[in-house]
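Quick setup: one chain, the form predicted on its own, written in C-alpha cells, and binding and motion questions come after.
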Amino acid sequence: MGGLVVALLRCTDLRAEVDPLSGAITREPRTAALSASDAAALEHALRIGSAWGARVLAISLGGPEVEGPLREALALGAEVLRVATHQSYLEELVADEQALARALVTALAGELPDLVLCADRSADRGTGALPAFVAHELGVAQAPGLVSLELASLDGGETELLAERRLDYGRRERMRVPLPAVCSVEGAGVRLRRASLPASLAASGATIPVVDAALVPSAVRVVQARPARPRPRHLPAPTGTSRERLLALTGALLSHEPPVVVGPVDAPEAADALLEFLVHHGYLSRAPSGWAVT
C-alpha cells in the first residue's frame, strides 16, 4: 500500500515531583521518556506500517531531552523528527493544545498521513484534547481511546481499520475507521518491542532531524484554571408536622451538643460564628482559595 504512518509522541518526565505546599511541579528533562500510551501508539504505528509497507515517522516536540526516546524509535525502524521552538514559546505550546496540534501538522510540510497515532492522554497534562485538534487541522476522521487496532481489507482492495474502544461498565465498542484518520490509543494490550543491539548502537550516534515551529496561538486561550468544586450534598426533605420537620432540620433530636448562643454581636462576628457552625457540621470546608461546599 505504501503511504505514511505518523506517531505523535509526548516525551516527558514520568516521575515529576510535586511540592505538597505550593503545588509546583518539578520535572527532570534528562529522564524524559515515553508513557505507556505513547509506547503503545508507536508499537501500533510500527505494526501497521510493516503490514502496509508504509513509512513510519515518529514526531515529538521539545528540546534535546526528547532525542533519547526518538533514538529508541529510530532503532526500531521508524524515521524521526524533532519539532523545536523557542524556549519562551514552549510552555505556551504545551498549555495551548490547539496551537501544539497546528505546530505538529505544520512540521509535516503539507504531507497528509494515511494514519496518525498518538496517546489518548499525555502524561504531563492529561486533557486528551490533542488528537481532536490534530484531526481538525488535517481535516480527517478521529477515533479516540482505542485499546486495539486491526487491518481489514474491503472488496474493492481498499483497507480500513477495525478498532475497539473501552466503554463504561466493562462494555466494548467495535468501529470501522475510514482512512485517513487520527487514532488515539490507551496503554493497554500491546507493549513496545525491543530494538536489537546493533540498531540501538547505530541510533545512539545518529543525527536527529530538527524542524522549527513558530507559535500560532489559537483564538480561545485558557487564562486561568480552578480546582473542581464538589457538588452539594442531596438530603431528603423532612416529613411530618411543622414541628417534626423543624426538629429534623435542626437536628435537635440527634445532637447532644448544647445550642450556641450568639449575641449581641456585630455583623462580622455573627458571620464568623455562622461559618464556624457550617464548618463544624460538615457543610463547608476551608480551602486555600476560599470556602468550598462539601
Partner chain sequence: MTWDGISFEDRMETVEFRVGERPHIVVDSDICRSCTTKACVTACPANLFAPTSDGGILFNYEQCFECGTCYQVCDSDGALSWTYPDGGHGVVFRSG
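Positions refer to the first chain, counted from 1. What you see is a predicted model, and the numbers here were worked out from it, not measured in a lab.
Just so it is clear, the following notes concern the form predicted in complex with the partner chain, a form of the same protein that is not shown.
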query: Heavy atoms within 4.5 Å of the partner chain in the predicted bound form: does Arg194 have any?
result: yes
query: Taking heavy atoms only, is Thr250 within 4.5 angstroms of the partner chain in the predicted bound form?
result: no
- request: With heavy atoms only and a cut-off of 4.5 Å, decide whether Ala54 touches the partner chain in the predicted bound form.
  value: no
message: Since only the chain is shown here, I'm wondering whether Glu244 would be in contact with the partner chain in the predicted bound form (any heavy atom pair within 4.5 Å).
response: no
Proximity to the partner chain in the predicted bound form (heavy atom, within 4.5 Å), stretch among 163-171, 109-117, 129-137, 186-194: 186-194
